[in-house]
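Here we start with a single chain on its own, the form predicted alone, put down as structure tokens.
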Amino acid sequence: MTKKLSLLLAFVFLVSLFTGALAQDNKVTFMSTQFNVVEESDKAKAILAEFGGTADFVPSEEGPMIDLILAEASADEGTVDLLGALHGTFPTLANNDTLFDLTDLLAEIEQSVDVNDSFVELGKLGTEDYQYYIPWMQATYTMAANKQALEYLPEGADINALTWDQLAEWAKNMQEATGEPRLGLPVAGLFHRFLEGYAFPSWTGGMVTGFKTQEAADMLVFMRDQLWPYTNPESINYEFMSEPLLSGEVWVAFDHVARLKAAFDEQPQDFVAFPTPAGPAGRGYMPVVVGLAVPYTSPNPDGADELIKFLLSPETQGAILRDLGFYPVVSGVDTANLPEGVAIQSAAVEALTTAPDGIPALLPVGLGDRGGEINQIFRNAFNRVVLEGQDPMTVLEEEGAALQTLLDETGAPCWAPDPPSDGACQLK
């Protein structure tokens, strides 16, 4: 018996050396598609250091995470205890029956804090009583401006209720006054979210169904003729807009709140944050909901539950807001003493998410590890029309055919703001 035990312990030790993820004692292996940039990972690890157990933070891209969890489910042996991912990641894992029901854990957590009801409902993935994930945090994208830009706002414009036409006029005013294009867009960064959640919904009212409509063509023509001419050409190289804002190269920018955070942290006195503009259909915006789930193959599911409780505590939620720029999903978070820059951004997020003309557009859902393809299709449409000058309707028809093929092959039903569908979502 002693010999067998020794062999077993040796096997576990060797496997853990290769995977770095098997549970030992109270260790919890936490794989996350969020905070996979080195600076963000370091901050996330610092927050996790306060956890009572040992949390091993493993950043990952979405595709490799999905592939790993599905492979471990097939092998009936896992290395990952807890998953942190965007809402759209979970349907593929749920459809393959890889996730625990967290209903009881959520009920336990809600004995001490209230968790955002709408996000909790999203975590059920269309079911009535199965909690596939518990919401972890939320974010969105906003605009930011150097205060020097404010004197060039169009006459009568309300910075908290801008239209796209006013943004274009503002960009033109700045260029004519300074001789430099002062508007910046993160084309090398999360620009596909700008298109999916802001541009297309603001003109078409949806993300997918109206992709090849005249309204979508009108939007691309607007971008080509009225906005891009006054956009800094270095935008094709911008990944994080905080850097060109801080350098003064750009005065007005769009980006994810976490990617604007450095500018507001370093020079809060120099910048203002405000909601994204509205178009003919309304004010498109993308609420980014991040959830926590426990795979069936978790070596330490009890430890994963404890880590979820820690991550949803008001203290941890406040630390995530302060240090990483993602917003709480629970009640009781103390925001009275936020750093000035965080408070400025928080007010802009509140104004955006409560705007009466808002059109919330969820991240793409149901595409599994092919999520990158839809992003490229939206980028292709922009690049071909705005940067290369191709005919908008021709481009939208061709890229729309690729989009429809993707939806048909994955079977992905429509998601908000497009109306629900029976079966794969269909373009108009």
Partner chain sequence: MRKLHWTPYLLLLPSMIYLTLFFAYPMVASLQLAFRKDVQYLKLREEPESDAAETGTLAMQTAVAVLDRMRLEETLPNGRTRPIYWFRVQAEDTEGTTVEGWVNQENIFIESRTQSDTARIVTGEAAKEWTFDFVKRMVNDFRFGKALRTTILLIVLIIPLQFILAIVMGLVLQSGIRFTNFFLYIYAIPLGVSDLASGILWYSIFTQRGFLNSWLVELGLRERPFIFIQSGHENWMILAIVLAEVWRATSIVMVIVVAGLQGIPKDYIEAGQVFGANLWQRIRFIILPRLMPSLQVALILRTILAFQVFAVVVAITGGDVMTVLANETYRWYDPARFNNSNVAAAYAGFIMLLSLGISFFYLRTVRAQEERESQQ
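This one's a predicted model, so the numbers in the text were calculated from it and none came from an experiment. Positions refer to the first chain, counted from 1. Throughout, rigid core stands for the largest set of C-alpha atoms superposing within 1.5 Å between the two forms.
Below: the form predicted in complex with the partner chain, not depicted.
Each of Thr127, Glu234 and Asp305 comes within 4.5 Å of the partner chain in the model of the complex, counting any heavy atom. The partner is absent here; in the model of the complex, the one residue of Asn26, Ser60, Ser41, Asn383 having a heavy atom within 4.5 Å of the partner chain is Asn383.
With the partner removed from view, the residue among Ala46, Val37, Leu387, Ala401 that has a non-hydrogen atom within 4.5 Å of the partner chain in the model of the complex turns out to be Leu387.
In the model of the complex, at least one heavy atom of Gly372 sits within 4.5 Å of the partner chain.
The partner chain in the model of the complex is not approached by Phe274, whose heavy atoms all lie more than 4.5 angstroms from it.
Contact check for Ser298: a non-hydrogen atom falls within 4.5 Å of the partner chain in the model of the complex. Among heavy atoms of Gly156, none comes within 4.5 Å of the partner chain in the model of the complex. Picking from 198 to 206, 178 to 186, 275 to 283, 334 to 342 the stretch near the partner chain in the model of the complex, with a 4.5 Å limit on heavy atoms, gives 178 to 186. The partner is not shown here, but in the model of the complex the stretch 391 to 428 reaches within 4.5 angstroms of the partner chain through a heavy atom at Asp408, Glu409, Thr410, Gly411, Pro413.
Gln214 is not among the residues whose C-alpha shifts by 2 Å or more between this form and the one not shown once the rigid core is aligned; its shift stays under 2 Å. After superposition on the rigid core, the Cα of Glu388 moves by less than 2 Å between this form and the one not shown. Note: the CA-CA distance for Gly88 and Asp422 expands in the model of the complex relative to this form, by 3 angstroms or more.
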